[in-house]
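Form predicted on its own, single chain, as structure tokens, below.
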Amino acid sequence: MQAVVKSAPEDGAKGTEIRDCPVPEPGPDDVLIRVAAAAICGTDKHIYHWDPSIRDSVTPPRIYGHEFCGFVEEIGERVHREGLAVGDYVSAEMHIVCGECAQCRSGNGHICVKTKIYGLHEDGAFAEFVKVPASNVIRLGDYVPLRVGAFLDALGNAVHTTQVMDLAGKAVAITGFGPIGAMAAAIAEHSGASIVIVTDVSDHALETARRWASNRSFKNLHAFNVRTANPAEVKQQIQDITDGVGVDVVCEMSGSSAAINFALDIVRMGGFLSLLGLPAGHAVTIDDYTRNVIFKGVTMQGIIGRRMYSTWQRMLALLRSGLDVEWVVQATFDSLQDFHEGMGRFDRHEALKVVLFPEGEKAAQARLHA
């Protein structure tokens, strides 16, 4: 089969090859899946460029990619999943957990201390076929388009980030309008948020947000460039928008100290900060911990991955109810051979999500509707 392989510990095309690899053989508890569509994400970008943050997690050669959907090709002999059959349209949770640690035993498997991630620690989904444990396979309905099925892993991160409270009627701020920030905005609007405030340092990203709101006829989007505008003036405008109260929930997607401190400035007393963004290093500085954390009584929640499997259930329910996130796919390619070009589009911020179809999109659609 054809696959995208991190072949050497080097940056860019020098360290990544598209080459023939053996089709994986599923073990007795595994499912072999024919990949219909796979999406590029920020982790893949770190692997591609061999960034220091990822080097301890990936040992070349490694097939990477962990966002995908496809069709069941083969089921291991010990698998007894009711309703799972060859040909089913599926995705999978690519975080594989031990099931035995204190976190797993208390319903917090998403923070399992022994987590392995397919696409980093084991071979992933930038390939024609991928094998995963049957327990991690998620059946999909026809209400999940292939282009959306390709990035359910990332959408799950956005759902997890926005699940901190019921968003209906709430003022929600999103700091960083990248792929997951865009999904979070769509979830907030779909969930009935009264106000959605987006901040970013890119006019291009903010214009994308405004186009999205216009296409949805959503009139309560407010977008601010916090690099070119005075932060104090933006904060005052947000105070005015929220009648002097501040926002109820901030979904922090950037990881920058400036954004985190801005989030603490604009969140209301007793509000929530849901923190997904990773900083460039390992530390951030909070400017006024006493005033903005303790005296405000805020709740700060770190987000990692997806809760197993309540986030998946919530995400699929949102999609069934009409959540539209297909618009974040802004580039598609009909071959894994186009991976380098796709990564370039993603790298240059020309597309929020890039989706690859190993057999071509028409062939994948034909399998879906067969």
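Sequential numbering from 1, following the sequence displayed. Quick caveat, the model's predicted, so the values are computed rather than measured.
The discussion below concerns the form predicted together with a further copy of the same chain, not included here.
- Although the partner is absent from this view, residue 277 contacts a further copy of the same chain in the model of the complex, with a non-hydrogen atom inside 4.5 angstroms.
- Using a 4.5 angstroms limit between non-hydrogen atoms, residue 318 touches a further copy of the same chain in the model of the complex.
- In the model of the complex, a further copy of the same chain stays beyond 4.5 Å of every heavy atom belonging to residue 154.
- Contact check for residue 52: no non-hydrogen atom falls within 4.5 Å of a further copy of the same chain in the model of the complex.
- For the options 207, 233, 142, 287, the one in contact with a further copy of the same chain in the model of the complex, meaning a heavy atom within 4.5 Å, is 287.
- Contact annotation: of the candidates 94, 260, 266, 75, the single residue with a non-hydrogen atom within 4.5 angstroms of a further copy of the same chain in the model of the complex is 260.
- Picking from 121-129, 293-301, 174-182, 146-154 the stretch near a further copy of the same chain in the model of the complex, with a 4.5 Å limit on heavy atoms, gives 293-301.
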